[in-house]
Each structure stands twice: as C-alpha cells, then as structure tokens.
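Next comes just one chain, in structure tokens: the form predicted on its own.
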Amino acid sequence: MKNYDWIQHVRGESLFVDDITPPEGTLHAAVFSSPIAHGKIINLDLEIAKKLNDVIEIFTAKDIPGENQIGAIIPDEQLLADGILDFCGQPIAIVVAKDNFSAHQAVKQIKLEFQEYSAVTDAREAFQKGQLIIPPQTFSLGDADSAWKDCDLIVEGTAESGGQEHIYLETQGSFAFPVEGGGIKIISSTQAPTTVQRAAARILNLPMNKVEVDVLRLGGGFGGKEDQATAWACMTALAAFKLKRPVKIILNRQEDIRMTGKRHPYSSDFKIGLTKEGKILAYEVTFYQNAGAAADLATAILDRTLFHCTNSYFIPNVKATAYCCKTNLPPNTAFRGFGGPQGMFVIESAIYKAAEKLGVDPMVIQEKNLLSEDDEFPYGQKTKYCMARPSWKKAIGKYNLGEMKNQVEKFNLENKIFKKGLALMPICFGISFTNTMLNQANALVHVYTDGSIGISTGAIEMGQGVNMKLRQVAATIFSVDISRVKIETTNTSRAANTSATAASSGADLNGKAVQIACNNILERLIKSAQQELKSNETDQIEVKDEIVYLNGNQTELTWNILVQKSYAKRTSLSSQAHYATPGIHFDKSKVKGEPFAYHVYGTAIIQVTVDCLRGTYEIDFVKVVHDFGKSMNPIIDRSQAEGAIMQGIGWMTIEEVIYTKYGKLLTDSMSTYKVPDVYFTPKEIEVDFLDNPNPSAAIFNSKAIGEPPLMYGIGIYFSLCNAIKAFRSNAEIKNSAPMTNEKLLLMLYEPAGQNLKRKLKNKMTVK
C-alpha cells in the first residue's frame, strides 16, 4: 500500500496553508511585538505606520469585539498585549496591508514607549518569588519518608534539561475570510481545529457554529501547533472579520522561532535510595518547570512528567512533586513526549549517580528494577501485558551486548584521545490524554454510489501517516482496494468538538471511530446482500477483495453492484460514529486512577565515540527493540521511530535554546540553533519489532508510535558520560542536558574547564 501523502510530498504536489489559492483581494498581516521581556506600555504610536502606502489598517487590543483571551486550559494569555508586557515577542498590534512586504515595512514604523521591569527567566527564581501558575502537584506511592532508613545508599543531586525548538518545515500560518451570515472561515496550520474555533469565537464574540476551521495537512507539528497555532489563526480571523476581506499571515522562520514557545526546560532535584545490590527502595524528586509567561499547556505537561517520573522501573516508595513556574519567556508548549522525557531524564540521572557510588555499570541497576507484570505506578495503575523485561532481554541478546562491551573496553584501552561510551535506555510510555475527557473522537464515513469512500475525522495529518492508517482501517473493514478511500480535510463543520491530534492517540481514537462507522455501513450492506441473494439469516455472507461470498462461495455480487443495489433500496450508505476510550479514569483529588489505555515499552542501546581533544563526538549506532504491538504499517512505524529517535538525540546533544538574562532569545535562527543534520546522524540505526501478541486498546492492536521512541535519545547523554569517564575516571558528571560540544569539553578537563568558563562568563554581558 503506497502512502498517498509521501508520494505527493516527493512530487511537490502537497498543499499547505501557503499553497492554497486564497480568495481574490486577500490582504497580508504582520505582527508588531514586544521588544522587552517585562514591562508596561506607556504609549503606542501607530500614526506613521498607518500613513504608509498599501497599509489598510492596524489592529490592537481595543479593536477586539469579544474577549482578548486565547488561554485554553487557564485563561491567562491575551491575544494582543494590553498594558503589561510579559515576554519578548509578545504580539501587540496586527498590521494589515495589500502585500506581505508592505505589512512588514509598516511594523518597523510603529513606535512603542514603555517602562521596563526586571525579568525572571529561571524557573527556580520564579519559584522563590512565588510565581506559580497552579499549586504544586504531588504523586506518591508507598512511604518514601520512612523508606530511607532501609537504604544502604542514598544519593542526592540535580538534573537540568533544556528547551527545544520544534523546527517544523512549515512555519505557523493561517488565512481567514468572511462568509455569509456574519461568520468566518479559517484555514489554519493547527493540530487542534476545535481549539482554534473556540478561541476565535471568544475573540470575535460569535457562537462556535459561525466559526469554521479547516485543515488540509501540516508541514510538521511535533506539538508546536497544538496550542500555539491558535494566536495566528485568531489574528487573521479578527482582521478578516473587521475588514470584511480575506487576510493571511505566514510567519518567516525567525519570527516563528522568536515568538513561539519551546519544549519546557526543567530544573529538578532528586534523592534516590538503594540496597547494596542495586535495588531501588525509595525515590524523591522535585520538578521546577519553566512554563514561560502563560499556562498554555504547561499544567497538562507537568502532569505527564509526574506520570512518567519512574520511567520503566518499579520503585515501591515514590514522592514526586512538581511546580509550574511562571517566567518572562514566551509561553512554552507541547513537544513530542509532552513532559515525559523531562521526567525520564531525571530518574536516569539518579540511577547514573547511584551507579557511580556503588561502583557498578548503570545498566545493572536498570535491569534489576525493570517493571514486571502487575507492578504499580505512582499514579495507581498497574502494568498489564508488561513488555519491559522482554524488550530488554531481546535487545541484549539480539545485539550481543556482551560483545559490544568487550569491543568498547578494548577500544578504550588502545586509544588515548578517542573514547567510546555505551549505554542502555529502556522506556515505558502511557498512551492516552491524561485528561480523560479528551479521549474521544468521531468519524463521518460516506460510501458513494460508485463504490468510492470518503472519511472525515478530527485527525490532522502532519507527516506521521495517520491518513494512511485511517484509509487502511476502512479498506480492511470493507475489504476493498485502498485506492477507493479518500481522507477529507479536517473541518469543524463535519467533525465537531474534536480533541487535538496529539498524545500519540490520533490513529487510535480516530481509527476506532472510523472502524465503528465502517462496521455500521457494512452491516447494512450485508443485510442488503442477503436480500439480493435470498439467503437465510444463518448463511455466512462476507465481502472479500471486493467480491461478495455466500458460505465461502463467490457470488455475482461485486462491491460496486452491492453498493448500487443497496442505494436503490434506499439503504443509508453513510454513518457518523463516536468512540470514547473505555475503562480509563483518573481522580485528581486522590491522584490515583487508570489514565492510560495501554503502555508502550522498548529498549535502546546507544554507542558513541568521543574525540577527547576537541570535545566532538560521533554516534556509532542506535539499536532498538521496540514494542509496536502488531504494526498495521511497518514502513510508517519504522520511519516514525527513526525520526523520533533523532529528535530525542538532538534534544540531548546539540539543540541548545539560549536566552539572555533579559529574556532575549539568542538562538533565533538556523545559524545559531543547531538541529541534527546528515553529518550528525548515527552511522547505524536499527529498529527491531518486538513480538507482542497481547491484546491492547490500540486500533487493530497496532500500538501508538509518535512519541515513545523519542525517549531512546536520552540514552546518548549517558553514553557520552561513559566516554568521559573512560577518558578521566574521576571526572565529575553534571546532569545538564543538552550535552553540547562545549559542555563536554569543559567536563573532560575539569577543573581547568570551569576556570575558563568563569573567565568567559565574567567578560560577557549581553542585553
């Protein structure tokens, strides 16, 4: 089965927001934003900009007919700043002109007078000042406070993980135009059409049924368009609504990086207690999340950090506390993994530190504490069909871990400057929205009289292959050629009240809804076939490869004939269906429940070679055994795994987001923010499909693939640490990701590296 979207991409025929032919007379918008991280607007002078040729209008907060608010979970984020400025890049005014160039030229002529306040950019500083978005959250299991006395070893430390820029190929964009009846239609690059619809209705003071949002596909999202596409869609909607003309905005790359949020940076404290054999008895962790200037999705992301704070390990006594800290940075947002990677990095850091103290390889502690069947997570759910140990066992056997370790040891003995490091990374990731309400989807399926099939759902195709999987669901149930099946655009008029395509649940939720709708239609077709064939109710009728069979024998009825005859009998060939994930629940007051439909497991082995003179490194290989369930499309699933692994590696190594203490982003372009390229790619990536016949809530038992493999990338950090220790056994490992070349070099040559770092820091003050 060929993936239609891939073929279109290669041919350059795929359409994105900026490719769709806009209505005649479309105007273009650009945004004037805050030059400071924190302050107060004293005066905003628009007069010069308004007088420029081709400028149509400039809109500010006072022009919003409804509520100046786009916060989805917590209403704490204005569309356009009105009074107080909270971060560099915060939108203040929308310039609308006849063309994009004129709009941007006018932005430069806007004069802003402001009073600047001190800015807070660090999560711990925000915590000390009491700047919390919500009260602290705590997950617990057992009694960590009393378990410490039973531990032979107690290790404490800190772990820092940085932000990450999404770098989707298609930047944020939208265009909107008025429709009859005083409504508005928005073409948006969003993962969450209903979120855009709801926010635009609030901004325009319209009922939701007068706001239509349509999405064809995205050129990448990674979570960055789950909530943060909303602002740009609302801006075009506001301008189009006020001017009664089509309006379009497409951010350039630097605007996108500068004005949008990233993966949340975390600063964390941990305390871990073990027996002398390496069994973990107690774990206490405190997370300080840098939310940025508004909640966005930070509170939900913080929840998932807590849900995944013990990764793939069973720890009988856990106390995990998390603080959502408000700073003067752009509101940080969803990113592949949604808080899970930040939590997993801390437990892996704690295990690494404990292994140093015990004088053992970290993989000894990892293996000893892996989850088993019926083990309990800190949130109360127990493992079912647990594949943590099977994936670990298969990885070390299939890839011959013993021989790998021997080769690394031999190489390191024979080389003084180059050192190799090897590490294992097990993962356990829960699949479902942690907000139970969101675990629902609907589908509308039409079978047309020529036998072709149309499907409308809330799923957004953004390169992950969800459209292909939905087509497979319909083609499988009807037993027709997949070329008959078309996925329509995602439209809030056809698929209402949708959840975002996120949490790795797009194929599961929408696929299950499609499955129900297709079965509804198939049941009617079978009844129609019984009438045509004059068969008894006990006779077995099935459609197989577009032919109708009666008791295993081929009949004269084909798919096309059956559809046409059914229509002639006034049989409905359409079905709308709703699916809600069964059995899941979570009581926030008790912080206990079963929030996940199932878990995904796997184990990665990562090896690196470090040039200890220069501080550079190469990734020798990433070898993975992953729990795909029963993959319905191995090509898509393997590509998703490989892409996620690379994104995780980038987060742990070279992708460093740097702000000054004044809240100005320094890494605001592709020349200053580095992402993995072909030269940084591992020499070898091997992904093995773990045999898992167990049933799950996944569609056709094909487990979610979007997010879990990203966490394998965490393993590279500790393989680099092992290479550092091979070069200098007494090196002090600092748990501070990403492990850039500069950080690695300084760690290789402590304390000389720290002295150099202090001298450089004293010389640099950037504003």
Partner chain sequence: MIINFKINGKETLINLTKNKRLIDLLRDDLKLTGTKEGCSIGECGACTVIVNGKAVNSCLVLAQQVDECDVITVEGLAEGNKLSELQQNFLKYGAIQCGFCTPGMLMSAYALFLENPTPSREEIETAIEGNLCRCTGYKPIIQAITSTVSGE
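Predicted model only: the values in this text are computed from it and were never measured. Residue numbers count along the first chain shown, from 1.
Just so it is clear, the following notes concern the form predicted in complex with the partner chain, a form of the same protein that is not shown.
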{"property": "4.5 angstroms heavy atom contact with the partner chain in the model of the complex for residue 437", "result": "no"}
{"property": "The partner chain contact at residue 642 in the model of the complex, heavy atom, 4.5 Å", "result": "yes"}
{"property": "4.5 Å heavy atom contact, residue 671 and the partner chain in the model of the complex", "result": "yes"}
{"property": "Residue 218 within 4.5 Å of the partner chain in the model of the complex, heavy atoms", "result": "yes"}
{"property": "Region of this chain that lies against the partner chain in the model of the complex, out of 117 to 125, 371 to 379, 462 to 470, 415 to 423 [heavy atom, 4.5 Å]", "result": "462 to 470"}
{"property": "Among the candidates 545, 113, 450, 677, the residue which, in the model of the complex, approaches the partner chain to within 4.5 Å (heavy atoms)", "result": "677"}
{"property": "In the model of the complex: members of 156 to 182 within 4.5 Å of the partner chain, any heavy atom", "result": "164, 165, 166, 167, 169, 170, 171"}
